[in-house]
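Given as structure tokens, the chain that follows is alone and in the form predicted alone.
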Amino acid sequence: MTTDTSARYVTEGEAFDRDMSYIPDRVTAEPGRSRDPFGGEELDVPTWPVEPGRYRLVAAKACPWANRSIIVRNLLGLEHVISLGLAAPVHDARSWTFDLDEDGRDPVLGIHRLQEAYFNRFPDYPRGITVPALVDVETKQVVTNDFPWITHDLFFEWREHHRPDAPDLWPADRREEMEDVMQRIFTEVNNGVYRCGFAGSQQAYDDAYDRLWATMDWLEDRLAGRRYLMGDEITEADVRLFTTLVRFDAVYHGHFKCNRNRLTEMPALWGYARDLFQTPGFGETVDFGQIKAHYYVVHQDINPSRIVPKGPDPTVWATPHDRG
């Protein structure tokens, strides 16, 4: 397994600012048309056609952004039309690798590093090699790594291939409120834990910590009176929150110093998180060993010893949630 973790994640004296510039391409049901399904306006981005078997979703169980795409693929029943490649949890500064596979090669793409798929399309690709990434199997070229759009399009553009009982992850009558909820979750929780962990100054950390816990308390209140974020049914908002919650006690509480309290000490959020974990499509995508290996080994500037903690006990996720 690769153990060169020379990448730096903390810039002294600065707050963490996530680079949200991704490959903008989309896979769409209407060839050549990229439309915003909410406003209907045309989006000026390259498009690829929906074709079963053409694409491979490269993800990693360690990564929350990639975990989101695996869950949505499962919930919608797209396993038979989009294959899944899993990168190893520990990578070096260059790229995610396929160390989990025989000979360290993805069995479908035949590559050692996800970086190869990026360079096959963009020989001088200047940014980080990120998961999830959708890859064209025949050309072994990356199509997109724009993680918010990947799951969005799995729902809206691949509808013809959804299983009959697939959940409505974007209910039309709740979309405006849902967008607001997801935006707050992204800025204050999904990315908020990183702003705590990668803060380069005490002030940046204090600000991120306060914002994180203000939103965690808001979520606790919201979920005290409803089963899921938007009501009685699971939506993409729940998927997006879950991938942070399931990593909270194992990683973010200690490693990222988000330590006001543990998730297990927040009754509504803890019950909600277990409810989702025990829902088909969620828990089977979680590997706590890989999650801890990724954060505690790769983030060498935060954890220079690379020692991976044994706890917490993962069996608590199977305990009754009492939210039915």
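Because the structure is a prediction, the values reported are computed rather than measured. Position 1 is the first residue in the sequence shown; the rest follow in order.
The same protein has a further form, the form predicted together with a further copy of the same chain, not shown here; the description that follows concerns it.
Contact annotation for the candidate site: Y205, H253 and P309 all lie close to a further copy of the same chain in the predicted complex (heavy atom within 4.5 Å). Only one listed stretch (295-303, 48-56, 61-69, 275-283) carries heavy atoms within 4.5 Å of a further copy of the same chain in the predicted complex, and that stretch is 295-303.
a further copy of the same chain is not shown here, but in the predicted complex it comes within 4.5 Å of a heavy atom of D210. Looking at A199, you'd find a heavy atom of it within 4.5 angstroms of a further copy of the same chain in the predicted complex. Using a 4.5 Å cutoff between non-hydrogen atoms, E265 counts as a contact of a further copy of the same chain in the predicted complex.
Although the partner is absent here, D313 lies within 4.5 Å of a further copy of the same chain in the predicted complex, judged by heavy atoms.
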